[in-house]
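Below sits a lone chain in structure tokens, taken as the form predicted alone.
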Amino acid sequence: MNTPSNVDSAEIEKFSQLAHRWWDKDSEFKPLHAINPIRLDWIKSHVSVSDREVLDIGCGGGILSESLAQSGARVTGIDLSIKALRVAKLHALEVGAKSVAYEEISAEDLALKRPESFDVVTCMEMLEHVPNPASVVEACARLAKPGGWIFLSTINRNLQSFLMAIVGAEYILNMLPKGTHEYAKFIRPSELLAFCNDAGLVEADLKGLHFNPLTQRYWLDQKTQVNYFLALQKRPS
């Protein structure tokens, strides 16, 4: 395996330090547990994952990977945090999730080993944590089979996203540890769509993810000012 270059070591260490808390639904990962049913339903509204080869890039402790496996997919979860992967593997054993496997490898390196191997590729809440998100998007495209689906999520870059995703979520509501996000790494939808177009991916759906702190409710709609989801398909050969 090549030495990964599209890696922020500080980001890997940040999440590694919290790895033991991935499956604690009252921990720093509470928002991921809360939005996971929404992520899963959104993915399944576009493609049936049952009996499909699915890749989850930046899988962390395996929250999305496991739910995809429980929906009938054959899942490969990859991450560069050894501690998070250990947690993911242990939890899969505990719940008997046999159709999910985990590997310590970057998306770029896996694309060299297994091009066009997956019916579905997910990369959720990860692009804003790497130095070169375009490189990850390109790897997603290379990993997907022709006609395959790619699902991405990240955070828009504007004043509203700064106030809500950083000031609000990290400093006022304490939903996330301080320093979880860097504003400069946020990605505008137009920028992400440009990366996808360059990689040969076609937009299928763009939705915004929203949260009401009073009701603790999450939902999707057309407004993408802060968090957003993007579904794409790889052009057939």
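All residue numbers are counted from 1 along the displayed sequence. Everything quoted here is computed from the prediction, not taken from an experiment.
Same protein, other form: the form predicted in complex with a small molecule, not shown, and the subject of what follows.
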In the model of the complex, segment of 156-164, 94-102, 140-148, 119-127 with a heavy atom within 4.5 Å of the small molecule: 119-127
Contact test in the model of the complex: Phe15 vs the small molecule, heavy atoms, 4.5 Å: yes
The small molecule contact in the model of the complex: Phe229, any heavy atom under 4.5 Å: no
The small molecule contact at Trp22 in the model of the complex, heavy atom, 4.5 Å: yes
Contact test in the model of the complex: Leu110 vs the small molecule, heavy atoms, 4.5 Å: no
Site test, Val7, Cys59 and Asp79 vs the small molecule in the model of the complex, non-hydrogen atom cutoff 4.5 Å: yes
